[in-house]
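Here's a solo chain for you in structure tokens, the form predicted on its own.
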Amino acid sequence: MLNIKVLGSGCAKCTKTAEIITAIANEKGIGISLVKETNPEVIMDYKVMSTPAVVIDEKLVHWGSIPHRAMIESWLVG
């Protein structure tokens, strides 16, 4: 199971990012644990200045925009 965090203020782009990741994981039958992290101190710990950002298994993989489907699929299937 992948541990995924979507970092952001809770804005529409952050919410959409979490929804898309969850939907693709469900389509592919991949188990994930997704957390939407809105605490600014936690977000700053990842050195993120632009959200939404995505952290998978404690590795920052994306920031600054809603990720494209192909990118998300590559994260999930490795």
Partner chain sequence: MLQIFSDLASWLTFGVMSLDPNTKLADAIHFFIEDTTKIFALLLLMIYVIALVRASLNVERVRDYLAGKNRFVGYFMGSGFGAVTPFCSCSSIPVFLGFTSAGIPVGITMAFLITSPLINEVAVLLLVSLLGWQFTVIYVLVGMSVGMLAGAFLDSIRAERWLQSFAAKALEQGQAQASHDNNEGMTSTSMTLTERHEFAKGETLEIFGRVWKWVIIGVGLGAALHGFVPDGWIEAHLGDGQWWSVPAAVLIGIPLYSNATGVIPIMESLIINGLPVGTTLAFCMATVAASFPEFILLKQVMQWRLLAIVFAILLISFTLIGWIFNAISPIL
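Positions refer to the first chain, counted from 1. None of the values given here were measured: they were computed from a predicted structure.
Absent from the display: the form predicted in complex with the partner chain. The rest refers to it.
Shown alone here, residue 61 lies farther than 4.5 Å from the partner chain in the predicted bound form, counting heavy atoms only. By the criterion of a heavy atom within 4.5 Å, residue 29 is excluded from the residues contacting the partner chain in the predicted bound form. Shown alone here, residue 33 lies farther than 4.5 Å from the partner chain in the predicted bound form, counting heavy atoms only.
With a 4.5 Å cutoff on heavy atoms, residue 16 does not count as touching the partner chain in the predicted bound form; it lies far away.
By the 4.5 Å heavy atom rule, the three marked residues 41, 44 and 49 all count as contacting the partner chain in the predicted bound form.
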